[in-house]
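First, one chain by itself: the form predicted on its own, in structure tokens.
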């Protein structure tokens, strides 16, 4: 199923016609400036580390389609810590709106972000989407039926049934209609242990920490920027350094390195 929401503005088409830096969205908001000088952009990098022994990941109860799904060792993905402490699946994203956009990012952006039902889990567990430029492409790679459901705040909800391939309906495409302030949970109503998160934004300045805890937000416009940090256990990831799970950086050309960011285990305790 594809959302009927129209694609109101194509930045790539805008660039292709040489209209950089001018024009407006159909909604009436001014288009962000398209800046080109190399010294206009900077990368933000860092590494999240869990400051304690890696926690156990409990095995989840698999009580549906057990003949197929029971063959997999399905474990809790809400806190993923590598042996060396690398903390994955932490979102870091710029909180500002109407940011200047680097043309290289616009020209290289994938047209789709993939969410795959595979091995009776949703892959990837955390994903991002530049919703004005990308569709969400959902695929069922299982021999059993799957379901994908989510309800973005102020946006149209989805409840999509995906039969087993090679049925035509084993894939679906979705377009988000507005950005979100926090990642949106995605669930499967058939298999309650399946969960993922997606963050629709109207800019590309976001990353999710990798298995080793590293992240990189590329080609940010230089200047003072404010960022939000989120992880599914606590939601906003509050630390002594970031009492509101936010931080500001004077982004300079080149690489801006936050270094190692150690997070106490207490930050992930529920309740």
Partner chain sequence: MARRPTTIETLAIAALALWLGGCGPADPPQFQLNTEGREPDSIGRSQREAILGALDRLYGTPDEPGVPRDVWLDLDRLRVAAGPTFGDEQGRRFGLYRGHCARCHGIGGDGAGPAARLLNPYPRDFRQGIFKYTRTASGAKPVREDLEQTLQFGVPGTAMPSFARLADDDRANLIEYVKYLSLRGETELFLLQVVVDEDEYLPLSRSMVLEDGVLPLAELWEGAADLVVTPPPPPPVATREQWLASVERGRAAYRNEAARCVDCHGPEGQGDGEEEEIHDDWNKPKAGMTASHTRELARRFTLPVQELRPRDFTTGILRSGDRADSLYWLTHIGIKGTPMPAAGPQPGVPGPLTPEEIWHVVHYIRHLAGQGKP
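Numbering follows the first chain given and starts at 1. For clarity, every value in this text was computed on a predicted model and none was experimentally measured.
Omitted from view is the form predicted together with its partner chain, to which the following refers.
Each of 65, 98 and 168 comes within 4.5 Å of its partner chain in the predicted complex, counting any heavy atom. Per the 4.5 Å heavy atom criterion, its partner chain in the predicted complex is contacted by stretch 181-189, the sole one of 126-134, 84-92, 109-117, 181-189. For the chain shown alone, residue 75 is not a contact residue for its partner chain in the predicted complex, no non-hydrogen atom being within 4.5 angstroms. Residue contact check for residue 151: one or more of its heavy atoms lie within 4.5 Å of its partner chain in the predicted complex. Looking at residue 244, you'd find a heavy atom of it within 4.5 angstroms of its partner chain in the predicted complex.
Interface residue remark: residue 197 is not counted as part of the site for its partner chain in the predicted complex, having no heavy atom within 4.5 Å.
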